[in-house]
Ligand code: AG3
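The chain below stands alone and is given in structure tokens; this is the form predicted on its own.
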Amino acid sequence: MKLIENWFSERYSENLELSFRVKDLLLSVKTDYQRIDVFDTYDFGKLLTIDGTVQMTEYDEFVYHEMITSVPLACLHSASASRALVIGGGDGGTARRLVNLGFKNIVNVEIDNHVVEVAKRFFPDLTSVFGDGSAKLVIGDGIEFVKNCTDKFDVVIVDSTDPEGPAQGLFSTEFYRNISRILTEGGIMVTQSGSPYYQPHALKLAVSGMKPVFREVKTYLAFIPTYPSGLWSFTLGGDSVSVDGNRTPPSGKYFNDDVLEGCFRLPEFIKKLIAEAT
């Protein structure tokens, strides 16, 4: 991360970085787990970063949150599915989207309470689900929570940072095996799996970690302007990972039927990454 004059930059490689012109640095705090910064930018509104990497912005967060929820729900074959577990996602965006999609029983496990407090202050529309009882917030280690959990969920969403530091274990086969144990019959899990172009290791970790556990593993894509290269991947795991035409979630600002059909159509270089991971 660099903040020179009135610019914040996230470095993707030794030769490339994305820069945002900022109006102000609104907050900077070092927690037990990570560094959290919030900037007020000109083009994307408020910008949340963790350890110098963009987590979300006010103006394009809807893409990530719609795609990490709507696509797995379209693959659920149970019309009565209503129980969801979110690992990470302390900003509340994923839980809020699940509420909008009709889920009644949502548990959200976030390891760093500072993420929640920062989001409450600067992104209150997202964290409102924690205050009004729409989602149950648990501050704790998602890996340990899943390991010790005795409840069952129709969908488990791993809304984590990149596979470094406290998030590294969220890309392991052991973690995915524990998730499989708490899924209902026909249940499904999804994880964000990074930029296929700049973070191919994240995608490979997700695919190779899921393959020994789930009968089917599929990757899909979304365009998120403020993420590395703009091209972002998500990876699903379950006994059956196919779109159920009887349960297509409603359109959002980004997600619709056309996006659902097209997001599974992968460029050849990504297909090769996936093949290398298996």
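Here the structure is a predicted model, which means the values were calculated and not measured. Numbers for residues come from their place in the sequence shown, where the first is 1.
The next section is about a form of this same protein that is not shown, the form predicted together with the ligand.
Report yes if all three of 69, 254 and 260 come within 4.5 Å of the ligand in the predicted bound form by some heavy atom, otherwise no.
Per the other structure, none of 69, 254 and 260 touch the ligand.
State the residue from 54, 63, 38, 221 whose non-hydrogen atoms include one within 4.5 Å of the ligand in the predicted bound form.
The option sitting close enough to the partner is 54.
Does at least one non-hydrogen atom of residue 180 fall within 4.5 angstroms of the ligand in the predicted bound form?
Close contact is absent here: in the predicted bound form, residue 180 is far from the ligand, nothing within 4.5 Å, heavy atoms only.
Look up in the predicted bound form whether residue 228 has a non-hydrogen atom within 4.5 angstroms of the ligand, and give yes or no.
Yes, residue 228 is a contact residue.
Using a 4.5 angstroms cut-off on non-hydrogen atoms, would residue 162 count as touching the ligand in the predicted bound form?
Contact with the ligand, yes.
Could you tell me if residue 154 has a non-hydrogen atom within 4.5 Å of the ligand in the predicted bound form?
No.
Pick the stretch from 205 to 213, 30 to 38, 54 to 62, 235 to 243 whose residues have a heavy atom within 4.5 Å of the ligand in the predicted bound form.
Of the options given, it is 54 to 62.
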